[in-house]
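For reference, the chain that follows is the form predicted alone, supplied as structure tokens.
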């Protein structure tokens, strides 16, 4: 049995459905079962419970041999992941796969990066066999810009001339599935990127090409964007952390592309153009 946390999110949903379709026994830990009806229909068993409850996590882990740790970035994420790891050890889980970040490095100061780094270190010291899957900036983040792309032919972000090697969540899910279903991945960290480093002006050009209409990237003032984002994010911690990641990109930090995905999967990763084609209904 494979247990997946975060199975109703973008990466977790693809992963759970892919594993279930291949005949694997899959269980999803979700807060409420009614939000997981699509997973149930796909053959995924549902364990309703809260990630902050040792009792609920322990119940979900019964009979589980491999577990996938996918928690959203949040102020209490590290505590939740430590709780999960402790319960996994107690339940006799053999292998844990964590969805992490290429920036999970000791010297990176952003709280999201530090949370991933500290969680990785905790897992490595737990005695569990482990694999870290570390995709870069998700293409699906742009689904949050779909409304203005539709209505105005514009998207607003405070990235300046920054660039990113963007990754499709479906590729992240495919790598995790590969790790879970083929041997030899224990003790390894896989940094995953898309096929190209793109500026946000490049992204606008690809949207324009695929959608058949002009789409413009508007470089928004960082302070104004942070104020706007604060209307939607529940915590100032999260808002500060996200905007600091944007600052890193704006100031020139980017991760180069890697060949890891091709080596693991035997195919090219999904391009941004293919992402827009596949999600074209959301943008037009």
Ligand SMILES: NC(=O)c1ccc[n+]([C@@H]2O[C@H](COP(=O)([O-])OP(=O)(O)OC[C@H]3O[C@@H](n4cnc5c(N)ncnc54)[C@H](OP(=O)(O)O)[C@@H]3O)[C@@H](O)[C@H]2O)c1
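This structure is a prediction, so every number in the text was calculated from the model and none was measured. Numbering follows the first chain given and starts at 1.
We do not show the form predicted in complex with the ligand, though everything after this point is about it.
When the ligand is placed as it is in the predicted bound form, which of 44-52, 251-259, 215-223, 60-68 ends up with heavy atoms within 4.5 Å of it? Within 4.5 Å of the partner lies stretch 44-52.
At 4.5 Å between heavy atoms, is residue 137 in contact with the ligand in the predicted bound form? Yes, contact at 4.5 Å.
Applying a 4.5 Å heavy atom distance criterion, does residue 99 contact the ligand in the predicted bound form? Although the ligand is absent here, residue 99 would touch it in the predicted bound form, with heavy atoms inside 4.5 Å.
Answer for residue 112 alone: is it within 4.5 Å of the ligand in the predicted bound form, judged on heavy atom distances? Contact check for residue 112: yes, within 4.5 Å of the ligand in the predicted bound form.
Although the partner isn't part of this model, could you tell me whether residue 3 comes within 4.5 Å of the ligand in the predicted bound form, counting any heavy atom of the residue? No.
Out of 127, 183, 72, 187, which one falls within 4.5 Å of the ligand in the predicted bound form, going by heavy atoms? Of 127, 183, 72, 187, the residue with a heavy atom within 4.5 Å of the ligand in the predicted bound form is 72.
Which one, 145, 87, 77, 178, lies within 4.5 Å of the ligand in the predicted bound form by heavy atoms? Of 145, 87, 77, 178, the residue with a heavy atom within 4.5 Å of the ligand in the predicted bound form is 77.
In the predicted bound form, does each residue in the set 151, 271 and 284 place a non-hydrogen atom within 4.5 angstroms of the ligand? Not one of the three qualifies.
Are there residues in 3-23 with a heavy atom within 4.5 Å of the ligand in the predicted bound form, and which are they, in order? Counting only heavy atoms within 4.5 Å of the ligand in the predicted bound form, the contacting residues of 3-23 are 6, 7, 8, 9, 10, 11, 12.
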